Each structure stands twice: as structure tokens, then as C-alpha cells.
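One chain follows as C-alpha cells, the form predicted on its own.
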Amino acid sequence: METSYETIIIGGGVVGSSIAYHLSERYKEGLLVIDKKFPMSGTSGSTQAWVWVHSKTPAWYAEFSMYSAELYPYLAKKIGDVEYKRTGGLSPFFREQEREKAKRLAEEYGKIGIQIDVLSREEVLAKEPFFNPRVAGATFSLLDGNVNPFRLIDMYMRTAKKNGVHYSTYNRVTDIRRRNDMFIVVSEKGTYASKRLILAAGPWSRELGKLIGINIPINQVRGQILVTEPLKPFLRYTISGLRQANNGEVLIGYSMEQAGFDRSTTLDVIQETANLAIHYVPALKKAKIVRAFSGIRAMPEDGLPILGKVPGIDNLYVAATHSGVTLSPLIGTLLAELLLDGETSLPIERYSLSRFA
């Protein structure tokens, strides 16, 4: 026997849970989130959790990310402390020839209202005294920061549940069918019917789309991350590739590999990551690495989010993106608007699945 809901979201990570929470603020009808495991055990729980704006391209994608970053202070007031810190972000370069490229980036971003400073070596070292003195410069933005991803997803879930959202975890979806104007979602724990369906399965989006006969061009990218022992606070900013957490641990990660769904860590990438971290911050040479982990990231074929209605299938929506932590407040807001109002306060047409047709 089927259980009926008005809306089902498949995927309870940072994107799916944000959509569930934002919908539940205005919408008290039946809403179910299905996750094949537990929402923090996959991609959303294996990230450095930057809230990152500057250095994204094209500039309109950086603008989209900026709007999401701007929502974080308000989000924390509504769902509780998610340990969001707007530290400012540094993206260093080590060759003077790269300064002109940095200036062009700053000029381009300036046209859309995003201020990026191009720093000299002395200015970088004034901000981060432990940085490699051989650095040539850096781009710097006040908009960047980071968040505790576990607190973020937990608070999304807790608030959504208080608002009446149901979660079904450790429940893999095995089939999706259409019957009249309803979606029939078959899972390991039961069969559900819903009027509206949102696919928010991150790196598993392509496989999920196949169940209903659509192509969601999302690939998987493995990122390996090292974690140091807790150190006295010495890094002030979020830096491209590393940041210091509240407990003093330094999280380091640069790698992007094509490894399917393999979440192994490998010695070559661990060594490469450690060497690059020491190159950036030589003092890290004395730090002990206490663990390494990897996460499988969602990566659309063109690198940009896939959002909105699925062309040709009424009441089917998709939300799949890289940078889910950065974008989750905005994606949740816009998908709630799209479902409940039929339009969004910011245009999302350029992120439509139809661009791959």
C-alpha cells in the first residue's frame, strides 16, 4: 500500500535538506525527504565546507554564490547557530605574472558589485603572517568564509522536522514511475505517491534520473582531505585549499579526481596535498596529520548548477550542483519560491537542465 505525500524530495544532504526546510517555512502539506543513507554520511559530511564566492567563474556564477553567502547570517538567526564564519578569503599566487590575471578578475567582478582586492606580498603577509614569504600576492574578498557542515545539515533537518517534514533514512530509491498525474516512488522501505517530486541526490543524480528516463549530466569527483592535530589559532582567513576550524584542526584539500564512487584515500594524493599545504604555510611541516578522508562531489558537466523544472515532465524538479554548502541557502529559497509561487525572485533559467538538450 502506498503512502501519499504532496511533495517528495529524494536526497537529504545539504541541498535537499535546505529545500525541505525552506518549503516547510511556508508549506505545511505532506513533505517527505528520502535518503539512501543518513544525510551527513555522504557528500555533505565530507567537505571542507567553504562558503566561497571569489574566484568563481563566470562572474554571474560568482554573483549567484554571493547572494547565497549573504543569506547565511539570516539563516543562522532562523534555524540556529551553524558556526558560520565570514572570515574573508585569500587566493594566493606565487608568480608575479599572475597579477595581471588577478587584476582582470577583480575588474570583471567589480562590474557586478563584488569587491576583490589584489594584494601585494607584504599585504598578504600582514594578513597571514605564517604564509610562505615567497608568495607574490593574492586576491582577497571579504565575502568568503566557512561553516560547520554537520551543524548546518542538522539544523536544517531539526527545523524542517519541527515544521512537519518527514524523513526516511537508510532507504534507497529503486524505481520511479508515473501514474496519471502522480509520481510513484519505490524504495527499499516502501512505496510512496506524490504530486511533486524533487531530485536532489548530488553525485547520484545521474543514476536517479535514469529511473525516470531523464539525463541529469552530473559526474562524480573525489576530493581527499587531510586533518591536522588541533593547533593554536594561527590562520585568520579561509584560504584556497585550507582553513583552520574552531577546534584548531587545519583542514587541507586540493585534489579533484575521477574515481567514480570510490571513497578511498590514496598515499600519492595525501603526500601531494601535504606538500602543497607546506608550500602555502611552511609552519604546517611540524603539524601531525591525524586523519584523512575523501568525499564524492557532484560535478555538472559544465560545472554550473542544474536547477528548476525538468522540461517535459510536469511537477518534476531537479537541484544538483557542486558547491552545495555555499549555495544551499539560495537554492532552498529559490526552489521553494518556484514550487509555491511559480516564479523565483532571481532568474534561474540559465541553470535549467534544458541547456544540455
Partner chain sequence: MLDQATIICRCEEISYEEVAEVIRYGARTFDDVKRLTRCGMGPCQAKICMSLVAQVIHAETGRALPEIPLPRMRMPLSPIKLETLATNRTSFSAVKSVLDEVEPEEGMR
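Positions refer to the first chain, counted from 1. Predicted, not measured: the structure shown is a model, and the values here were computed from it.
Omitted here: the form predicted in complex with its partner chain. The next part is about that form.
- When its partner chain is considered in the predicted bound form, Gln244 lies well away from it, no heavy atom lying within 4.5 Å.
- Although the partner is absent here, Trp50 is a contact residue: one of its heavy atoms lies within 4.5 angstroms of its partner chain in the predicted bound form.
- Among residues of the shown chain, Asn315 is not one whose heavy atoms approach its partner chain to within 4.5 Å in the predicted bound form.
- Contact annotation: Val269 falls within 4.5 Å of its partner chain in the predicted bound form, judged by heavy atom distances.
- Heavy atoms of no residue among Glu6, Leu75 and Lys77 are located within 4.5 Å of its partner chain in the predicted bound form.
- Shown alone, this chain has one stretch from 208-216, 191-199, 120-128, 251-259 that lies within 4.5 Å of its partner chain in the predicted bound form by heavy atoms: 251-259.
- Taking a 4.5 Å heavy atom cutoff to its partner chain in the predicted bound form, the contact residue among Arg86, His166, Arg178, Arg263 is Arg263.
- When you look in the predicted bound form, the only residue of Val186, Met182, Leu276, Leu71 with a non-hydrogen atom within 4.5 Å of its partner chain is Leu276.
- Along 279-300, a non-hydrogen atom within 4.5 Å of its partner chain in the predicted bound form is carried by His279, Tyr280, Leu284, Lys285, Lys286, Ala287, Lys288, Ile289, Val290, Arg291, Ala292, Phe293, Ser294, in order along the sequence.
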